[in-house]
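Just one chain follows, in the form predicted alone, and it is written as structure tokens.
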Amino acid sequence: MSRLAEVLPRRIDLRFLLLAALLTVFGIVMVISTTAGSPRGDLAGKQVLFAVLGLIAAGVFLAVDYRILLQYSPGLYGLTLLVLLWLPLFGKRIAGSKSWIKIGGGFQLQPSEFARISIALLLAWILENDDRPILKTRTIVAIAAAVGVPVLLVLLQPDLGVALTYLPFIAGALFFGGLKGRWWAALLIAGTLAVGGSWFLLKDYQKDRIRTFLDPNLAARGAGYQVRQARIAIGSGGILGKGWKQGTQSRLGFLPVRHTDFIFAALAEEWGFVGVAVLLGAYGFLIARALAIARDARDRGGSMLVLLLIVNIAGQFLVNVAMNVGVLPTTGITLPFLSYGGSSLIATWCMVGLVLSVAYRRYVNV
């Protein structure tokens, strides 16, 4: 027992774990602030419960050898696709989309958030089986299909925000797997054409968001309202912020969905530049620590798994912040660890558990 107590702290990457915990606590503090005194005042307690469940889920993923999960990743991925296909066909429409499964007690589960885990495992398994410096064409096609199919299924729900969170997986897999320069050029052209063509598939409210992104003064009280209020909140925070629970944009209800998509703007208003700098620093150290874990992983599969997971988290973080400051159109993407939401938080902590599993088994004799 004493030996176990001695070994565990050395093999569990405590720095990565503590950084993830710090960000989660930061999120709970902001959910308390943004919902206090409102009809949503009970959300903070739920977020604490989600954090505890996430920590337990991370422990489960830490206990399971990631090499076993990689071995069974095609099957896990197949089950994930069946669930994602079931939702648009037979799911119940909630808040305009068929993305949720009711589990009782007032709680709902969003399977598309957990699909990120299956996608990452399958991509890592694919890359583990193609260890050449430059990816083979069939591997590139497999990567595109592994991400493209769930993207299409989630778009059918429809949930554009979650579907976009899958895209960093393609860039990460191709970059770390090894891709010829001409393929990058082809992807750039294909991506540009796809973005242009997707305009005709967007719903009216999504087109309005892009129009207001291109012209912030357009529809200031309509589609552009969210971004304008977020910018006002961020700018009014100054250096030190207005103080916890003192954000007027947030507390008076001017800032929409301040506990989920726009929690970054609420944080900037209350904690100012200093708070934002601390948040960015925490994310930076988390990413750096994950890169170190990927470097020290015992095999290519573990290394690729960690890289893909952290690329997904970092990509989601960057898009959310860019959306809050008006650099990208509003897309409904949550801020990892901070935004309110059980599925998002628990799924992210599952990813933390996988990273810790790779770090724990970095030694050959484990």
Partner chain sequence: MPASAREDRRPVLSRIDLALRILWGLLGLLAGVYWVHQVLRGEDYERQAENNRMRKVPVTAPRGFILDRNGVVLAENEPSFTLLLYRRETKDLDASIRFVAELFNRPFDEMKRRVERDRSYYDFVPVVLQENLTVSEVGAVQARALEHPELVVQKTERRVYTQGTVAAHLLGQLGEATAEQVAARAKTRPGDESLPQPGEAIGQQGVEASYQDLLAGFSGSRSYVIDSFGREVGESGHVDPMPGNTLQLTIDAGLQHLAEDHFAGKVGAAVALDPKTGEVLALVSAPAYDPNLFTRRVTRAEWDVILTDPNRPLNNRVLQNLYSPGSTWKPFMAYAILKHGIDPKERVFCPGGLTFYGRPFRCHGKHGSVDLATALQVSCDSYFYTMGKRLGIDAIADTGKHFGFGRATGIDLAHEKAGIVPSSEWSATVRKHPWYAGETISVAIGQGPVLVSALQLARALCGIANADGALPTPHLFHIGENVRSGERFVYRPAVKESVAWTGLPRDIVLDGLWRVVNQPGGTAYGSRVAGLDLCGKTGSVQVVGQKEAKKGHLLPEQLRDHGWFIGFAPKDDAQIVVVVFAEHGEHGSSAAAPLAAKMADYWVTKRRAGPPPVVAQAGSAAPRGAN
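Since we're looking at a predicted model, the values are computed, not measured. Residue numbers count along the first chain shown, from 1.
Note that the form predicted in complex with the partner chain isn't included here; everything after this is about it.
Partner contact region in the predicted bound form: 239 to 247, out of 107 to 115, 239 to 247, 78 to 86, 149 to 157, criterion any non-hydrogen atom within 4.5 Å of the partner chain. This chain appears without its partner; in the predicted bound form, the one residue of Val141, Leu280, Ile103, Ala186 with a heavy atom within 4.5 Å of the partner chain is Leu280. This chain is drawn without the partner chain; in the predicted bound form, the residue among Lys136, Arg295, Arg93, Lys203 with a heavy atom within 4.5 Å of it is Arg295.
Using a 4.5 angstroms limit between non-hydrogen atoms, Gly161 is distant from the partner chain in the predicted bound form. Put simply, Thr260 is far from the partner chain in the predicted bound form: not one heavy atom of it is within 4.5 Å. Although the partner is absent here, Arg300 sits close enough that one of its heavy atoms falls within 4.5 Å of the partner chain in the predicted bound form. In the predicted bound form, at least one heavy atom of Arg228 sits within 4.5 Å of a heavy atom of the partner chain. Taking the partner from elsewhere, every residue among Asp131, Gly177 and Ala268 has a non-hydrogen atom within 4.5 angstroms of the partner chain in the predicted bound form. The partner is not shown here, and in the predicted bound form the stretch 67 to 81 never reaches within 4.5 angstroms of the partner chain through any heavy atom.
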